[in-house]
Structures are given as C-alpha cells and as structure tokens.
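Quick setup: one chain, the form predicted alone, written in structure tokens, and binding and motion questions come after.
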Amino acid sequence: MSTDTDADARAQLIDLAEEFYEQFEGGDVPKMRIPTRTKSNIEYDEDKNVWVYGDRESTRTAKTISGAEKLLKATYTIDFLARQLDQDRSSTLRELYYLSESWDVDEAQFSSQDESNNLIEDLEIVSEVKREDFHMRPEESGAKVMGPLLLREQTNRGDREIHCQDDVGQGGYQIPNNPDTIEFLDNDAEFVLCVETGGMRDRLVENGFDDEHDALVVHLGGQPARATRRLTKRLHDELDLPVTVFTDGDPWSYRIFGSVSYGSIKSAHLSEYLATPEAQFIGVQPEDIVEYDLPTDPLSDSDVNALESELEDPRFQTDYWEEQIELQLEIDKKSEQQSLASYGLDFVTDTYLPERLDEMGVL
C-alpha cells in the first residue's frame, strides 16, 4: 500500500528528471552536480554533531560521451524507481543491475553492480531522498538484536509485536531493511553493545550477557549495513541508551566503529540519519593488547598503511585515537576479539566487558 512518503519520494525523483529536460529546452547542456565523496571533502558539522560533505562538487555533464551515458542511466533509473513506487513494489540493488539489461538502449545498461550502486547513491544525494524510500534494498544484512526490547514492526502481512528475547531464538531478532517501520513499545535495557563478529555475538548470548546486564546486543556483521546503523541511532536517540562498539583490534575494525559513530565517507550525506556520535569504542584496544598480553598477529603492510591513513582522517583526529593508533604502530601487533578466550570462555563476559563498561560509566 503506497504511502505519503512514497508519493514524496516519487515527486522528488520526477523533479530531478524534469531538471534535465528544462536544461535541454533552455539550450543548456544537461548536468548533475554531486558532492565529491572523498575524506578530503568531509567536515564536522558542529550544530548536528556529525561529519558531512563539504562544498567541493563533481559534475556529471553531457558534454562528454561518458557524462552523457551517466545521465542517460540516471534517467532510466529514475523512470524505473518511479514505476516501482507507483506499483508499491521493491527491489534489491543486485536486481537493479540485472534489470538494466532489459532496457531498450544499450548505453543505459550498467556495466557492473558498483556502477548501479553508485548511481543510487548519487540520486539519494541530489534528490535528498533515502534509497529506502525508493524501495531499494541491499541484498541482505543478517544483523540481529538480542535483548530486553519489545517492538512493533510493520510488515506487508500486518503489524507484529516481537520481544527481542522472549519471542526469538538464539539467533535474535533480524533487523529489517527499513528500521523506521519499527515502533519501540517497551524496554528494560540499560545500554547497547554493538559487536563486530558473529562468534563474539554468539558467545555473549550463550553466556547470557544480554540478560545479566540488561544489554541490547546488536550484531554488526562486519562493516554494518545502513539498517543496523539506523536502528542503533534510534535506540540511542529515542530510548536514551548509551551505545558502545566492541570490535577486533585492527585498523579495519576501527573503521567499523567509525561508521557507527562518525558516519562513512560514502554515506556522509546521511550522517545525521545514520551516525551516533555519542557511541564509545570499547575494544579490543591496542592498550588491551599490551595490558592483557593477548595473542596477536603482526601488522601487515596494508594494516600499517591503513593506520597511518587513519591518523590523517579527520574523523579519527582525537587525542584518544591518536594515542591508540600510535601505540599500535609501535607494538606492530593486532588482535581479534576471540583472543580474549585465552583467559577462558567466560572472561569476556565476566571480567573484560564489565570492567570496561564500568570504566566508561555505562555500568
């Protein structure tokens, strides 16, 4: 059933296509301007407390064959999305790539899924409409929540009330593609613990960490999907719950934390919607590697390059992160969450996390 949001999204898309035609009619070469999506073009918005794109822009223009093809693909995609909204249907990013093969102009077809994904991001930025409101879904997320939270989810088969402990199995409640279809009804949670790996998430649930500490354990599933970040932000903003992020101790995991807290570079246009600036990093920290003498692996060349890049990344230019990253470069080591098991299977839930959460003022 179509909604006012669907109608608004469709109108924004049609307005964008009309701009191309108006440029044609006015004798101008059609073009589309979008922010340059690089870390050198993100800046801190002190009013919104998030990282956003700066003033530097790139231009898609029909002055070149390449630019004309990009605008052609944008027009065909807008037509497809408008019809999808009319029909109250949805599709995945992967399906869009394959669907383009049926379009009647070869030059409008995508050569790779990266190309179609990037175009959807471009359309989000210039239309100021989220892809979820286009009814576009990622292929899968798989992220789950376990903890003392009662919610109501709107589905195509009606509303469902679900308790994220009592009404789910060990796997937890699976986060839907659009978490804004969720209404929070009741909760006894004290904080949110976002966990990078499935193995550590399973350890926490098996040991009853969510029950003992009234924690909402959110599995990030590696680099977290937008739906996971959106739900995490809503849990913080609407339920006033502290958010902590528990990852491996390596530069790629710090970027996972960064995407939850600071927002990612490629989705900086949605930072206000996705990022939780108040989120705190709980580990594994480089200083934990030293303090607990954890099992480690040596840093690879790519690890070192990534750490040095993070020292130049404005999102990581704080005293805390500079100290931790420089320490890691000095010890030349990285460590996984599961390395805490060297002290026993219960160490992470009985000792490490409670002590860290107490230090942070969460417990």
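What you see is a predicted model, and the numbers here were worked out from it, not measured in a lab. Superpose the two forms; the largest set of C-alphas matching within 1.5 Å is the rigid core. Quick note: we count residues from 1 along the sequence shown, nothing fancier.
Not on display, but discussed next: the form predicted together with a further copy of the same chain.
Undergrad: In the predicted complex, which of the listed residues (P242, P277, G198, P179) lies with a heavy atom within 4.5 Å of a further copy of the same chain?
TA: Filtering the options by heavy-atom distance leaves G198.
Undergrad: Of T75, N117, Q174, S127, which one comes within 4.5 Å of a further copy of the same chain in the predicted complex, counting heavy atoms only?
TA: Looking at the other structure, the residue within range turns out to be Q174.
Undergrad: Thinking of a further copy of the same chain in the predicted complex, which stretch from 163-171, 234-242, 187-195, 264-272 has heavy atoms inside 4.5 Å of it?
TA: Answer to the contact question: 163-171.
Undergrad: Using a 4.5 Å heavy atom cut-off, state whether T61 contacts a further copy of the same chain in the predicted complex.
TA: Heavy-atom contact with a further copy of the same chain at 4.5 Å: absent for T61.
Undergrad: With the partner left out of view, is R89 within 4.5 angstroms of a further copy of the same chain in the predicted complex by any non-hydrogen atom?
TA: Close contact exists here: in the predicted complex, R89 approaches a further copy of the same chain to within 4.5 Å, heavy atoms only.
Undergrad: Could you tell me if R230 has a non-hydrogen atom within 4.5 Å of a further copy of the same chain in the predicted complex?
TA: So R230 does not count as contacting a further copy of the same chain.
Undergrad: In the predicted complex, is there a heavy atom of a further copy of the same chain that lies within 4.5 Å of any heavy atom of D122, even though the partner is absent here?
TA: It does not: once a further copy of the same chain is placed as it appears in the predicted complex, D122 has no heavy atom within 4.5 Å of it.
Undergrad: Each of E69, Q109 and T318 near a further copy of the same chain in the predicted complex, meaning some heavy atom within 4.5 Å?
TA: No, the whole trio is out of contact, none within 4.5 Å by any heavy atom.
Undergrad: Using a 4.5 Å heavy atom cutoff, which residues in 330-348 contact a further copy of the same chain in the predicted complex? It's fine if the answer is none.
TA: Stretch hits, in order: E336, Q338, S339, A341, S342, G344, L345, D346.
Undergrad: Relative to the superposed rigid core, does the CA atom of R83 travel 2 Å or more between the shown form and the other one?
TA: R83 C-alpha, core-superposed: shift of 2 Å or more.
Undergrad: Core-aligned, is the CA shift for S112 between the shown form and the other one 2 angstroms or more?
TA: After core superposition, the displacement of the S112 C-alpha between the shown form and the other one reaches the 2 Å mark, so yes.
Undergrad: Does W103 show a Cα shift reaching 2 Å between the shown form and the other one after rigid-core superposition?
TA: Yes; W103 is a residue whose C-alpha shifts (by 2 Å or more) between the shown form and the other one when the cores are overlaid.
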